[in-house]
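Single chain ahead, written as structure tokens, the form predicted alone.
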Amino acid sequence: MKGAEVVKLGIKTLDDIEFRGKVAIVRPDFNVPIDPITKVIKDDSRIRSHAKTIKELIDKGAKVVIIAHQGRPGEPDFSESLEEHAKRLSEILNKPVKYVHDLFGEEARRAIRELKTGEVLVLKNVRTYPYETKKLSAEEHARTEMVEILSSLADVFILDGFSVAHRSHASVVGFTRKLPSCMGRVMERELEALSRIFEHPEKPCICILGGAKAEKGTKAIENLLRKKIADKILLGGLIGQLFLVASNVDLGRPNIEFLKRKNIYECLPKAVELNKEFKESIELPVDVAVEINGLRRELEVKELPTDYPIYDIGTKTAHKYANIVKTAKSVLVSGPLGVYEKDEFIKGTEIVFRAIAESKVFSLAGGGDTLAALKKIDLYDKFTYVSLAGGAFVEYITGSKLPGIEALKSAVT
């Protein structure tokens, strides 16, 4: 994001602050896939992305303190220690990175005070602090012990994790009330890419929505169409099935029961309303793929209901969507169009995603399952921009305000 758009948001960037000799607290998203037993990092993509911001701060003479999380307490990917993350960051930066197994106690405070210009320190998992995830405002988080102590030792705060910006957590919003704050380069790139769709979309703008989050999906559809951001929305996944039901299609008992078990069916009234109001702008599957004895079989929508689970859009739908994509100048993708984890049922997603990758459109993709599907079919690097965010990306496209972004807008100067 550059020039006028930065001013419009009112958020400072790394270009607006003098860092030499200053202690800079950085909040990236280091929540990466790890082995639940050994805690060894399996994919360091996020760390590599944030390393660019950290490298720039080093070059500008900052003393860098990193606050991050890994998993949620009680879940397999939770790790109190971020020592492995510090080691991996050190390898990426090709310079020593310090680690202390402390967050804001005496050991952490001493390590921060002893930092020299250009040095980097990683603190232990911020989610070991109970108040980190409490549902509090930025002002209330600013008064928590962790924020009070660490902000007294620092000069500036950088929020670089767009993918944590949808959470009003202490490490995301609290420091903005205590310290001059700005966004890092990862956050800046994310917002720049999103602005190309949501502020200045090149028309026609096509949105592809899949996945299983029906409530978020209906909100996204309403936001994208009511604000005239998208010209057409192509549906697949469970949200596509919901809208087929909204169009009076009987999917069959197993599929209806599955939608009910996933609490998707409760969004049916909203889907009916949107389908009626925006019928010309919402494209639905014309055929589907079901699983029979472990094999893929395709059925036209007019052949439904079926006693077998629907796992993908059909080939006719995939090619229909691919042809629509070819008419676009910008494309937004959130969610795969089928059960991409099964090789037989990634076909619809692959046909559509490949059509996007081979076109010359500006293409923006986001959401955890979207990223996984893109990697599986080796198209991750073929899109213009792939967001690192999951939940934050979905919240953004629904039109919701993200606490981290709002906190940066009103940060102290």
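Quick note: we count residues from 1 along the sequence shown, nothing fancier. Only a predicted model underlies this, so the values are computations on that prediction, with no experimental measurement involved.
Keep in mind that the form predicted together with a small molecule is not shown, yet the notes after this line are about it.
Although the partner is absent from this view, residue 203 stays clear of the small molecule in the model of the complex, with no non-hydrogen atom inside 4.5 angstroms. Within 4.5 Å of any heavy atom of the small molecule in the model of the complex lies no heavy atom of residue 125. Within this chain, residue 163 lines the site of the small molecule in the model of the complex, having a heavy atom no more than 4.5 Å away. The small molecule in the model of the complex is not approached by residue 185, whose heavy atoms all lie more than 4.5 angstroms from it.
Exactly one listed residue, out of 60, 46, 354, 39, brings a non-hydrogen atom to within 4.5 Å of the small molecule in the model of the complex: 46. When you look in the model of the complex, the only residue of 329, 72, 316, 226 with a non-hydrogen atom within 4.5 Å of the small molecule is 72. Stretch 26 to 34 is the contacting one of 48 to 56, 372 to 380, 354 to 362, 26 to 34, since its residues have non-hydrogen atoms within 4.5 Å of the small molecule in the model of the complex.
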